[in-house]
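A single chain comes next, written as structure tokens; it is the form predicted on its own.
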């Protein structure tokens, strides 16, 4: 099947062709010519965002090696040119970062699981036996999710009736809590790469795959959890489990389900997009990979061999619908649509809206308390920094009396427009985790460079299988130069202590404050308390553009 034929049957739908600021309708967003005999509905990386939010897409997303300049490492005007998106249009707002504040005021918030429910219901009305598949990072990322140990998201997702999910941040609830939830799930918990750490055998709690009969087709859905859990997150929280890509086992699972009569093989993945591309080139027999982890939103599938990779964004901002024509034991055609969840356009499902309010009710006063205001657009995504991260680093330096601050390069967290109030909920949305203590320690200049080099290699190693992190660790009080083209250990140079302008001395010790350490014995206040205290003292925050990182070799 030719890639060009796929492109013609994919994309945004009619909403992409609307002129800037033209009124959208729900019917336009949901319009889809039902195709074939199987429908897949994909959501991923919701990060516990139950309510509508603003979410700015990344400005900087650098690809390396064979992925340099390839999607999803295309942003802004280049992205709009690639996909034929008009400046200022609804799709420009949904998919790129330019003029974000102005477009956000025109088009409004995105997401909200009650709106997602409306979209799911509409797809099911057209295709009642559609499969709903959740790519993970669901039970993490908000104040209510933290306070309820994920129960708010479990309750809402159960009401949406998914057919299967896979996992990443869920494991940071701790393996005991994960087991309690998974044992009670009314749908499949999948991960062919989730193994018992002691015996190096598949973990009994998580099945590698599940069969479904839909549209007269025997479908196998194989789960692929985040491979690098103990590297990116604290392994002491889930010591019973090991992970890894395990593409040899993935091939064995594909062969096993094909031998058992699977006519369509779907991988529900939390690998990240570049890892999925490499895996698709190494494992044969997968028809569709529903990709998660890296939060990419792409209006067309990417074809690797005979495998179609679908990326559905994050934070409840998009839902992907994939219709497939499966005949004579093989996939004959595909039609796909990335559906943006414009919250002011899509009507909330009343039952799910009531359920969401029920989860939030015990915490309503805390969530809504105004801590301060912002004069700046606060956002997270970008390979090296975001203004939210700059503010968090400012808080760490000020509140913890540090020379240098470090903040993890996580991708999750909504945006806040200039002039908006900052509520306690907003702070939790960018800091909430089960290991959020803000440490204060002394580090030598040499050790700081080692940290930057290690994290840099996790992102910019040319081999996707060695890209094990999120974005680059964010730093405050420190400037540096990074050459992405260099090998590990040689990328970082010209490290400077910003408050004095002096070069970082490898032998000298500096006071460093940070958070999200994977070490079990970390001590300090919770990061959300640190940030709240800082914002409360400032009243109105203003974040100046960060020019302290010089990037070359991209």
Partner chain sequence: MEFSRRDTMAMGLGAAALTVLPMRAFATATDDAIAAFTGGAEMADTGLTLTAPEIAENGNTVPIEVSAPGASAIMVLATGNPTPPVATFNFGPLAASQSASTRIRLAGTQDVVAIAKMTDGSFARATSTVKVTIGGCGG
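Values in this document were obtained by computation on a predicted structure and should not be read as measured data. Numbering follows the first chain given and starts at 1.
As for the form predicted in complex with the partner chain, it is not shown, yet the points below apply to it.
Chemist: Which listed residue (354, 368, 77, 231) meets the criterion of a heavy atom within 4.5 Å of the partner chain in the predicted complex?
Modeler: Answer to the contact question: 231.
Chemist: I need to confirm a contact call. Of 34, 70, 485, 519, which residue comes within 4.5 Å of the partner chain in the predicted complex, counting heavy atoms only?
Modeler: So the residue touching the partner chain in the predicted complex, by this definition, is 519.
Chemist: Indicate whether the partner chain has at least one heavy atom within 4.5 Å of a heavy atom of residue 227 in the predicted complex.
Modeler: Taking the distances in the predicted complex, the answer for residue 227 is yes, it comes within 4.5 Å of the partner chain.
Chemist: At the 4.5 Å heavy atom threshold, is residue 244 in contact with the partner chain in the predicted complex?
Modeler: Within the cut-off, so yes.
Chemist: Does any heavy atom of residue 345 come within 4.5 Å of a heavy atom of the partner chain in the predicted complex?
Modeler: No, no contact at 4.5 Å.
Chemist: Under a 4.5 Å heavy atom criterion, is residue 364 part of the interface with the partner chain in the predicted complex?
Modeler: No, residue 364 stays farther than 4.5 Å from the partner chain in the predicted complex.
Chemist: Counting only heavy atoms and a 4.5 Å cutoff, which of 118-126, 164-172, 300-308, 98-106 contacts the partner chain in the predicted complex?
Modeler: Contact-bearing stretch, as computed: 164-172.
Chemist: Would you give me the residues of 386-422 that have any heavy atom within 4.5 Å of the partner chain in the predicted complex, in order from first to last?
Modeler: Read in sequence order, the residues that approach the partner chain (within 4.5 Å, in the predicted complex) are 406, 408, 409, 410, 411, 412.
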